[in-house]
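In the form predicted alone, a lone chain appears below as structure tokens.
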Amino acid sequence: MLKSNKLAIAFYNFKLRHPRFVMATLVFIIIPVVSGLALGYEMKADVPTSIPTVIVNHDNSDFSRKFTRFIEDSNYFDVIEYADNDQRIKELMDKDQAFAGIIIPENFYSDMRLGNAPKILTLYDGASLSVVTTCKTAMSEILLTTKAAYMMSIFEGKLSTVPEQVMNMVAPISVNYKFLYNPTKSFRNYLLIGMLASVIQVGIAMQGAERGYENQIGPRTYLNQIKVVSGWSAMSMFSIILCLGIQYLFFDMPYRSTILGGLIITYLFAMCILNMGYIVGNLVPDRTFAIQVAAILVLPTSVLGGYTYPIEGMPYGYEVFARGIPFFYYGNWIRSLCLKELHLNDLAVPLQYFTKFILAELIIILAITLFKNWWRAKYKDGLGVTPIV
């Protein structure tokens, strides 16, 4: 206990002497590494598996039991209960103990043999859409397989044909579904890439606000300010690359496109966000409030920028707004860089956007610098106050 107290005191004293170094290490190294490892391990399975499922089998024929064994053998489902009433499925879903349910009606097999087309009812917990997406697809495949197997047994008993011919009669149209770029339908490859960047951009904006506030205390020339934001943007880019690199090295995240293109758009995105924080820190006279404003400014952009919910489904006004957010271009394009095979010339759209956005930010920083220089020159014999805009 005494030893741990000494370490805590030593760290506290070190932090007092080197606050910038400690914060930069925390934001640019520790948070990316911890976030990358924690979230990467959390989504290691790529897709939801062992989804709690309840089955109500009113038929209890050999065929219906064979069907339920298909579900038990699937990695996607974990049959937690064979219930004797339909209401039980809803009760378990209400308690978040089940996310899928199957009701097999009475006389299911006999009705099927008579050609009455009995209906199996499948239920999904719509409050958990990510789980539903996976289990609905898996359930559809099992049902199609079961139907094809039954039809083949019927035809093979009536016709003297080989199984391949029977299969062609059962399924006269063959359809292949192929997911390009993300064939395993991995949630990790779809969501995590941009989500990690959205977490790190908050720290980048906060660091930008710190540097902007430092400029209020000790004003720099415009050229020196450009050097400061360029250097800290490079640190910010390193932070994002470090976080995504962990996914690549330890969790098999793919990266199939140009490395140079990825580095360039990551650097430009980092500069966009850092400059936003820098401008806020340069204007707001309170350090803590400036950092809070900068963080709040970028916090919701992963949702507003159309990364988790596509902008094509948003109202027109939101869609226009989303196209003005840096994260809209970075989140979607860094995901494409990881999953697709893009070249540098394919990145014209985000490169043009980032260039224009950064130029606009640099003009704003220049205007603020000129205004403050004019203010100080005008009131050099007065109160000597720093202008508060």
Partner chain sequence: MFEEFKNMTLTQKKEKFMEIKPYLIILLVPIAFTILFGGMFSPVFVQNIPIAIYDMDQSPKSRQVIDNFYDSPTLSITEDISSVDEIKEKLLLGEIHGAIIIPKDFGKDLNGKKGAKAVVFMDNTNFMYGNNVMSAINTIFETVNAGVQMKYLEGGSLVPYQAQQSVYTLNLVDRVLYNPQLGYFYYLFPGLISIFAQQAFLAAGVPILVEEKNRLRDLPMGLSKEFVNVKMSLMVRRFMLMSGLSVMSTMACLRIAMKMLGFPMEGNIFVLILFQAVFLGAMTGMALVIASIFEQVAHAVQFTMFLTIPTFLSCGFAWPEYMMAPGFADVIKVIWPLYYYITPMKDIMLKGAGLELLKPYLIGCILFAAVWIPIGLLLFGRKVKLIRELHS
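Rigid core here is just the name for the largest C-alpha set that superposes within 1.5 Å across the two forms. Positions refer to the first chain, counted from 1. Computed from a prediction, not measured in an experiment: that's the story for all the values here.
Keep in mind that the form predicted together with its partner chain is not shown, yet the notes after this line are about it.
Among heavy atoms of Phe187, some come within 4.5 Å of its partner chain in the predicted bound form. In the predicted bound form, at least one heavy atom of Leu144 sits within 4.5 Å of its partner chain.
Contact between Gly245 and its partner chain in the predicted bound form is not found at the 4.5 Å heavy atom cutoff. Using a 4.5 angstroms limit between non-hydrogen atoms, Phe63 touches its partner chain in the predicted bound form. Although the partner is absent from the chain shown here, Pro285, Trp333 and Lys340 each have a heavy atom within 4.5 Å of its partner chain in the predicted bound form. The contact residue chosen from Asp94, Glu72, Glu81, Glu106 relative to its partner chain in the predicted bound form is Asp94, the criterion being a non-hydrogen atom within 4.5 angstroms.
Distance criterion of 4.5 Å from any heavy atom to its partner chain in the predicted bound form singles out Leu26 from the list Val33, Leu362, Val320, Leu26. Annotated contact segment (heavy atom within 4.5 Å of its partner chain in the predicted bound form): 193-201, selected among 274-282, 193-201, 229-237, 260-268. In sequence order, Lys90, Met93, Asp94, Lys95, Asp96, Phe99, Phe108, Met112, Gly115, Asn116, Ala117 are the residues of 80-117 having a heavy atom within 4.5 Å of its partner chain in the predicted bound form; the partner itself is omitted from this view. In the core-superposed comparison between this form and the one not shown, Phe63 has its Cα shifted by at least 2 Å.
With the core held fixed, Thr145 shows a CA shift of 2 Å or greater between this form and the one not shown. Once the rigid core is overlaid between this form and the one not shown, Gln292 does not reach a Cα shift of 2 Å, moving by less than that.
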